[in-house]
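The data below hold one chain only, encoded as C-alpha cells and taken in the form predicted alone.
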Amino acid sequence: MLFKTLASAVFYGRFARAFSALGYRQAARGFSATPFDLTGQRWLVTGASGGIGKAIALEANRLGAQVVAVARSKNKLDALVSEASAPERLGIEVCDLSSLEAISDWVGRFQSSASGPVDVLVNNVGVLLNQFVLTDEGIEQSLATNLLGPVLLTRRLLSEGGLSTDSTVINVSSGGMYATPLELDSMIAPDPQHFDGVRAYALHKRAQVVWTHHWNSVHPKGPVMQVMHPGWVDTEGVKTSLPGFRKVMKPILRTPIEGADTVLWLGAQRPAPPKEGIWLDRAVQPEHAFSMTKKTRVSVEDLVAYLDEALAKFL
C-alpha cells in the first residue's frame, strides 16, 4: 500500500502541470485565433452523451459539421440535441458500446442508410470501473468498452464503406497509459478478486496507442488514425470513478471543451500521424515518460493477434 501511494504521488507530481488546466492554458497561448471550419464534414462521435464526447459533438456541430452522436442512453442523446447549435445537423444513434454484437449489428444498420463514409470517426467512449463486471459476452466490461469496442467499430466501418482513405479516425486515450507498459495477460484476464480499475484502464489506453501506430503502418494510404489524450478533465466519469483524485485536483481540472480541443484540431487540420507519440494540446508528446513502461515481453503482433481472435466472429 505504501509503495502504491508513493508511486501515485510520483505519477501525479510528474504530470500535474502538463495535464491540468494550467498546461492547456499555457499551450493555448500559441494556438491560432482562427476558428475551425468543419462545414461539409460528417463526424461520428462515440460516448457522446456526456463529458468530453458531448463537448466534441456539440462543438463540431457548432463549427458546421454534420454529427452523428452514439451512446447508450436515448434520454441523454435527446438532451444533447436540445443543446445543439444546429439540431438539424445532429443525428443520434443508440448503441451499447460495451456489446460487440450490438456494435456489429448497429454498423450494418447504420451503413445501410448512410449516404457515404464519415470524414471523422472519434472513438471517445471510455469507462473506468472500480468493480469487476462481465458483459453478456463474457468480457470484462471496461476492456470491451475501452479497447475491443472501438477496434471492432473502426474495422467494421472500414469493411462496410463507412470509412474511406480520406477519413480520419481519432482515438481518445488517456494520460493514465503512462503508468504501464503493454501487457496482455493481466489486461485480458484480470483477477476478479483483486480487480484494479485504474490499472485496467491504463492497460487499455496503452494498448490503444500501440494499436493506433500499427494501424497506420498497415494502412499507409488511409484512413489515417490519430491518438490523443485530453489531459485531466472534470467529467461525471471522473467524479464517479475517481472521487479522491477529483476532490484534490478539482481547482485545476480542465473543462470538457478544453479536453476536446485537440480532437477538434486534428479533425480540422488533418496533420500527418506521428510514427510514435501521442497528441496533447495540438503537439506530439512522447508515449513513454518512465523507462519501465518501455519494458515488455508483449509485441505489437501479440496484441493484434489477440484483437483478431477476440473480434473474429463479429467482423
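Numbering starts at 1 and follows the sequence shown. Predicted model only: the values in this text are computed from it and were never measured.
Omitted from view is the form predicted in complex with a small molecule, to which the following refers.
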Review point. Would 168, 216 and 273 all count as contacting the small molecule in the model of the complex, using a 4.5 Å heavy atom cut-off?
Key: no
Check your understanding: Taking the shortest heavy atom distance, is residue 235 within 4.5 Å of the small molecule in the model of the complex?
Key -> yes
Check your understanding: Counting only non-hydrogen atoms and a 4.5 angstroms cut-off, does residue 61 reach the small molecule in the model of the complex?
Key -> no
**Study point:** Contact of residue 262 with the small molecule in the model of the complex (heavy atom, 4.5 Å)
**Key:** no
Check your understanding: Would residue 125 count as a contact of the small molecule in the model of the complex, using a 4.5 angstroms cut-off between non-hydrogen atoms?
Key -> yes
Exercise for review: Name the single residue among 121, 143, 153, 71 that comes within 4.5 Å of the small molecule in the model of the complex, judging by heavy atoms.
Suggested key: 71
Check your understanding: Though the small molecule is not shown, can you say which of 100, 163, 147, 172 has a heavy atom within 4.5 Å of it in the model of the complex?
Key -> 172
Revision key, fill the gap. Counting only non-hydrogen atoms, the one stretch of 112 to 120, 172 to 180, 83 to 91, 154 to 162 within 4.5 angstroms of the small molecule in the model of the complex is 172 to 180
